[in-house]
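In structure tokens, one chain follows: the form predicted alone.
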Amino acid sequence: MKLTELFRKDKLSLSFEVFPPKTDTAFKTVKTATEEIAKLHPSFMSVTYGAGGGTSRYTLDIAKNIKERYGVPTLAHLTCVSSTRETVREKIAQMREAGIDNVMALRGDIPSSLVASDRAGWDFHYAVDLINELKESGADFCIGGACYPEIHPESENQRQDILYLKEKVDAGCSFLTSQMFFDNNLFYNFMYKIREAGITVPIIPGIMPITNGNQVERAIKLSGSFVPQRFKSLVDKFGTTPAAMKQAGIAYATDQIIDLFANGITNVHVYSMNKPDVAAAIQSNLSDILG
């Protein structure tokens, strides 16, 4: 099933992101965690690719298992960092063979060890190049892309960022999923600007439940997200008490999602970090709202 068939304006939905294992020995544990989340019957689940494609060989295994065993629509990530055209075409063929209908086309994080000269010979430099390759492959994928409500870390300004985003949509992106944010007003402002720029595809906000005080610094470093004082106070108060921080983080994420639903957003994507208990708690908090 193509995800665009699920993005409706008359029904609220919740989806979850999971990630594949980094090593062979962790596969069983990660597989079990993703299955527990699949048992919650979210609207769909996305499976990430791994930094530099390092865990990409497991992405398809996890996505296929979720789809076939639990009937949950899946979105398989595909990145082009350090990938040759041959490698990407091989991955596309594997996804087609596995019956994957939805692909998240990303540039991917560039390893810190690389310098600019290392990238000169790459076949793909940006997500739009990967989108073009997916379209040219002849595969009938529903293609998703990423967007940054607070500006991509490498963009000069938000105007430039939105222009690049429109290039991805014009190339064939059917929907966009946002990077995490902790202040909904930033997302609403972003939505206004991209609609004004002529981007009309569905935008799915991405919410990251921070359930561990140590996650905060890493999350901010990865996303560049603005942290409102309300959230800082929460971490200051509960960050050193694991159980309290977990409960407070789930409550904060739930509150964000309720506010998004109340303001006309119908589909929300949660970065579950492979934590079935956190995913289940958020879904339970929204049980009557989701219906």
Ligand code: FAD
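Being a predicted model, the structure only gives us computed values, none of them experimental. All residue numbers are counted from 1 along the displayed sequence.
Form predicted together with the ligand: not shown, discussed below.
**OP:** Heavy atoms, 4.5 Å, the ligand in the predicted bound form: which of 132-140, 195-203, 158-166, 208-216 makes the cut? Say which one.
**Re:** Stretch with heavy atoms near the partner: 158-166.
**OP:** Answer with yes or no whether F182 is in contact with the ligand in the predicted bound form, where contact means some heavy atom within 4.5 Å.
**Re:** Heavy-atom contact with the ligand at 4.5 Å: absent for F182.
Original post:
Can F187 be called a contact residue for the ligand in the predicted bound form at 4.5 Å between heavy atoms?
Top reply: No.
Original post:
Does the ligand come within 4.5 Å of any heavy atom of Y126 in the predicted bound form?
Top reply: Heavy-atom contact with the ligand at 4.5 Å: present for Y126.
Original post:
Wondering, does Y271 line up within 4.5 Å of the ligand in the predicted bound form on heavy atoms?
Top reply: Yes - in the predicted bound form, heavy atoms of Y271 and the ligand come within 4.5 Å of each other.
Subject >> A98, A146, M191, A171 - the one with a heavy atom within 4.5 Å of the ligand in the predicted bound form >> reply: Spelling it out, the residue with a heavy atom inside the cut-off is A146.
Original post:
Among T79, A105 and H152, does every residue place a heavy atom within 4.5 Å of the ligand in the predicted bound form?
Top reply: Every residue of the spot touches the ligand in the predicted bound form.
Subject >> Residues in 170-184 close to the ligand in the predicted bound form, defined by a heavy atom within 4.5 Å, in order >> reply: Heavy-atom contacts to the ligand in the predicted bound form: T177, S178, Q179.
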